[in-house]
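Quick setup: one chain, the form predicted on its own, written in structure tokens, and binding and motion questions come after.
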Amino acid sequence: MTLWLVIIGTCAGCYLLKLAGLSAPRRLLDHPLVRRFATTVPVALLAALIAVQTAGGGQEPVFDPARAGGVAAAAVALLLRAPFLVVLIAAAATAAGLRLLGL
């Protein structure tokens, strides 16, 4: 029961956050500081998620060659301006190949 209360509370919080974003006045959204914040925060959050998923292993950082190889392959694909699906496939195939090799 507690889990469902947490899920429902999280859903309501997400909905209210989205509603607050849609209800914000236009002059607030056009402020240069808010625009800069809105363009840089998603990049920082995605970079943090990638770092945590690449080096995270419970309570302490762990170096996993397969994960690092997948991230490196994705970075190379991005530098080559590959489509997003190709980036994902390159990262997954590299990580799977390295795991298959026992790394």
Partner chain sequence: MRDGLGLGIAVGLSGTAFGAAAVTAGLSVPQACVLSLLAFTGASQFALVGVIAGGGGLAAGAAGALLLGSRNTLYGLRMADLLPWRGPRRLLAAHGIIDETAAGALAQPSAAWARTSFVTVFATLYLTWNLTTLVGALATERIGDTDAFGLDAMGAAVFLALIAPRLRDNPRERLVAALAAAIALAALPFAPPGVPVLLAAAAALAVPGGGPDGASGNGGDAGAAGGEVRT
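Keep in mind the model is a prediction, meaning the values are calculated, not measured. Here, rigid core means the biggest group of C-alpha atoms that superpose within 1.5 Å across both forms. Residue numbers count along the first chain shown, from 1.
In what follows, reference is made to the form predicted in complex with the partner chain, a form of this protein that is not presented.
At the 4.5 Å threshold, heavy atoms of residue 101 stay clear of the partner chain in the predicted bound form, well away from it.
Interface residues of 2 to 25, taken as those with a heavy atom within 4.5 Å of the partner chain in the predicted bound form (partner not displayed): 2, 3, 4, 6, 7, 8, 10, 11, 13, 14, 15, 17, 18, 19, 20, 21, 22, 23, 24, 25, in sequence order. Relative to the superposed rigid core, the position of the CA of residue 96 differs between the shown form and the other one by less than 2 Å. Residue 84: CA moves less than 2 Å between the shown form and the other one after rigid-core fitting.
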